[in-house]
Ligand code: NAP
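Only one chain is shown below, in structure tokens, and it's the form predicted alone.
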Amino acid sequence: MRFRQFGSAGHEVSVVGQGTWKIDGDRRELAVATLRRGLDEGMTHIDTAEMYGDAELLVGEAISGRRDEVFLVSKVLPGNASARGTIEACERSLARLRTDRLDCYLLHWRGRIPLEETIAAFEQLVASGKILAWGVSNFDVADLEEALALAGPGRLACNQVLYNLQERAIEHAVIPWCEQSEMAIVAYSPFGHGDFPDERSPGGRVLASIAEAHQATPRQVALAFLTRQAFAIPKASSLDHAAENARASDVELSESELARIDAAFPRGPKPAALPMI
């Protein structure tokens, strides 16, 4: 597994981690075993959120006895992100996760509560040791600039955004801005939503061809492409799927292969608003 500095958080973090959005709580034992298999494979970056139903409870069970291995991230909903509400939401998340700290805590997306309230609460949580770093999610450049102006340099650890081969909008402005500001980019939904390209599509055939050359899978090739510039947090639905995701970090794409993928999945024009789901 490859590791990379996670923005200003002061940690080396696995470039491929584990997402938990829509994790299958009805198959609790499998969900927990899959997360643990991911840890065994080196995917120590686990992402969750208070919005994700029982996900925090499942993560708490999965990391029991292994907390020090994990770079643990959760998120506060915008409606809870007031000065007091942020702290209360964090404490609820800590209780569900059965831990005394988060490695990074994110504002899930921009809401109506002024950013200065949320940032002040984040800094209070840092001072109390309940979180070690904080960041944002679904922020476009204008939002990032406002947050940076309020917080000062070196405080925002990451921006978690929608990024996959079929949705590359962040490459226009968000990635360059974050790189310049030494802020980590985290790609959620790196395989899309049930629309990952198969071999019936031209792009799918390109991925399959490159995968064959590396004795890899098309999904591993996709992750290898995305993690050149971002951390990725795919969700796994089985033990084998977790192992497949983890081993994507072993795939090293050549310049010609990168060019083929770029041509097969063009990023398109810059959108008026940052895509999010």
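Quick caveat, the model's predicted, so the values are computed rather than measured. Quick note: we count residues from 1 along the sequence shown, nothing fancier.
Heads up, the form predicted in complex with the ligand isn't pictured, but that's what we're talking about next.
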- Item | Complete contact of 21, 137 and 189 with the ligand in the predicted bound form (any heavy atom, 4.5 Å) | yes
- In contact with the ligand in the predicted bound form (heavy atoms, 4.5 Å), from 236-244, 63-71, 204-212, 37-45, is stretch 236-244
- Close approach of residue 108 to the ligand in the predicted bound form, 4.5 Å, heavy atom: yes
- Item | 4.5 Å heavy atom contact, residue 272 to the ligand in the predicted bound form | no
- Could you confirm whether residue 153 comes within 4.5 Å of the ligand in the predicted bound form, counting heavy atoms only? no
- Message: Can you tell me if residue 129 lies within 4.5 angstroms of the ligand in the predicted bound form, counting non-hydrogen atoms only?
- Response: no
- Item | Proximity to the ligand in the predicted bound form, single hit among 193, 101, 172, 84 (heavy atom within 4.5 Å) | 193
- Within 259-277, which residues have a heavy atom closer than or equal to 4.5 Å from the ligand in the predicted bound form? 277
